[in-house]
Ligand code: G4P
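Okay, so here's just one chain, in structure tokens, the form predicted alone.
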Amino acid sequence: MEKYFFTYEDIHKTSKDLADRVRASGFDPDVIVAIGSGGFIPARIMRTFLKKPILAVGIAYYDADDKPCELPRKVQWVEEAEKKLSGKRILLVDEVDDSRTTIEYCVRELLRHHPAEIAVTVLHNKLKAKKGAIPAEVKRYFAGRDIEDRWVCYPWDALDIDEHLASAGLALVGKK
């Protein structure tokens, strides 16, 4: 199976581009909500550019064997964070829009707390039919890159970063 191997540099540049596009669209979030675990790193990078606080939620759609579950489920949802969402403009961040199920689930949960607006950003949008749908209340969706439907390997999932970088086609500088 063909795979994508993205580097931290790829993620940083794509996150900066997303932050620039969010700002250029006129959307000024009050808070960034990172979907864990994949959205943590891009959300943190975007915080550098947008200067907004981050809240984190954990949503799982895959099991321990990387097989999709029937429905997403909350892994971490801090009730204290919910109090901070009412009337706020939320920028929801995840790493990949694959089936769209996780994003739909998370947006619907966030909408229960009556935000002023929710915008969605993903590093990578897989070009394929989606099982989920982004609720109509979301008027802004930003994808860093549209990609073919292949397995995505992110550097934060690598057991051996040098091997990951080699798979990404990068020379291993200083490696003996």
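Each residue number is its position in the shown sequence, starting from 1. Computed from a prediction, not measured in an experiment: that's the story for all the values here.
This next part talks about the form predicted together with this ligand, which is not shown.
With the partner omitted from this view, the residue of Arg150, His113, Arg145, Lys139 that lies near this ligand in the model of the complex is Arg150 [heavy atom within 4.5 Å].
Three-residue candidate spot Phe27, Thr121 and Leu123; no residue lies within 4.5 angstroms of this ligand in the model of the complex by any non-hydrogen atom. In the model of the complex, this ligand sits within 4.5 Å of a heavy atom belonging to Val96. In the model of the complex, this ligand sits within 4.5 Å of a heavy atom of Arg100. Interface membership of Glu163, defined by any non-hydrogen atom within 4.5 Å of this ligand in the model of the complex, is ruled out.
In the model of the complex, this ligand lies farther than 4.5 Å from every heavy atom of Asp20.
Within 4.5 angstroms of this ligand in the model of the complex, the stretch 20 to 51 places a non-hydrogen atom from each of Gly36, Ser37, Gly38, taken in sequence order.
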